[in-house]
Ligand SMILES: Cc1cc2nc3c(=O)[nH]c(=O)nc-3n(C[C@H](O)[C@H](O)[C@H](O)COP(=O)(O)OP(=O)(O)OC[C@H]3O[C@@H](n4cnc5c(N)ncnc54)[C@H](O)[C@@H]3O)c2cc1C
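First, one chain by itself: the form predicted alone, in structure tokens.
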């Protein structure tokens, strides 16, 4: 059987994507490594070639670099991390220029001959959809969902010179400050919503998160509308997809857009003063109470317990 060429794009922490690549029949897996890291460790999981970039690139340049790389090597499957602003710009440009579809929030992949069956979340995480593809396809998937199987190979590396794109001019770029843990990787998350009346009141959630050793997440209005937190904290269909062991939603009503980003959480706790909040239908534990009374009391109790 001829080998199917697969290109995985991501950082050194996105190794889970190799697990999805391994679902292809007889895959030849290459990796475009972004952000640096030890390329040789990728050979532990069957990656035979690793590309690195000779310089940091903006979205437009990466898209053009991808187009050249895909066309030269005839990759059938291109796998990237979940949607974020960087890939939202890069992947559609590359997909359009290579005449390939983009499938988002991929859960599984099967191959039968020249046909790929891709299962993905649909309808705001309320359904699973299977799509058949008979040509090149871009897949965006959460790395944490997949676990690569060890299959040691020899890795060769190649440094790529970024390609310039015509027709698009990047005026400026500004790096966002990031915490030591990406919210997609967090095992414990305390997430805040419109139940908080003022930005300074978010300190209640930050104190609770500190006691738990959790990261802070938020619903769309907090990041996109009110700008109380950066978009790094945004959980939802248009934000980040998370799969923590504990997801605590404080003052969040639970609209489908937000649920789409956290439905794979292992345990969900909801704190809301509205007993009819939709989130109560999608949680393991629910507390109907004013967050301004309950959260400080919970934080105090947890501190007492953890001191023992």
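Residue numbers count along the first chain shown, from 1. Just so you know, these numbers come straight off a predicted model, no measurement behind them. Basically, rigid core = biggest C-alpha set you can superpose within 1.5 Å across the two forms.
The next section is about a form of this same protein that is not shown, the form predicted together with this ligand.
- Note on the interface: of 64-72, 44-52, 250-258, 29-37, the segment with non-hydrogen atoms within 4.5 angstroms of this ligand in the predicted bound form is 250-258.
- Taking non-hydrogen atoms only, residue 268 never approaches this ligand to within 4.5 angstroms in the predicted bound form.
- When this ligand is considered in the predicted bound form, residue 79 lies well away from it, no heavy atom lying within 4.5 Å.
- Although the partner is absent from this view, residue 235 contacts this ligand in the predicted bound form, with a non-hydrogen atom inside 4.5 angstroms.
- This ligand in the predicted bound form comes within 4.5 Å of a heavy atom belonging to residue 197.
- With the partner omitted from this view, the residue of 15, 291, 20, 298 that lies near this ligand in the predicted bound form is 291 [heavy atom within 4.5 Å].
- In the predicted bound form, this ligand lies within 4.5 angstroms of at least one heavy atom of each of the following residues of 268-282: 271, 272, 273, 274, 277, in sequence order.
- The Cα shift for residue 223 between this form and the one not shown, taken after rigid core superposition, is 2 angstroms or larger.
- The rigid-core alignment places the CA of residue 278 2 Å or more apart between this form and the one not shown.
- Relative to the superposed core, residue 103 shifts its CA atom by less than 2 Å between this form and the one not shown.
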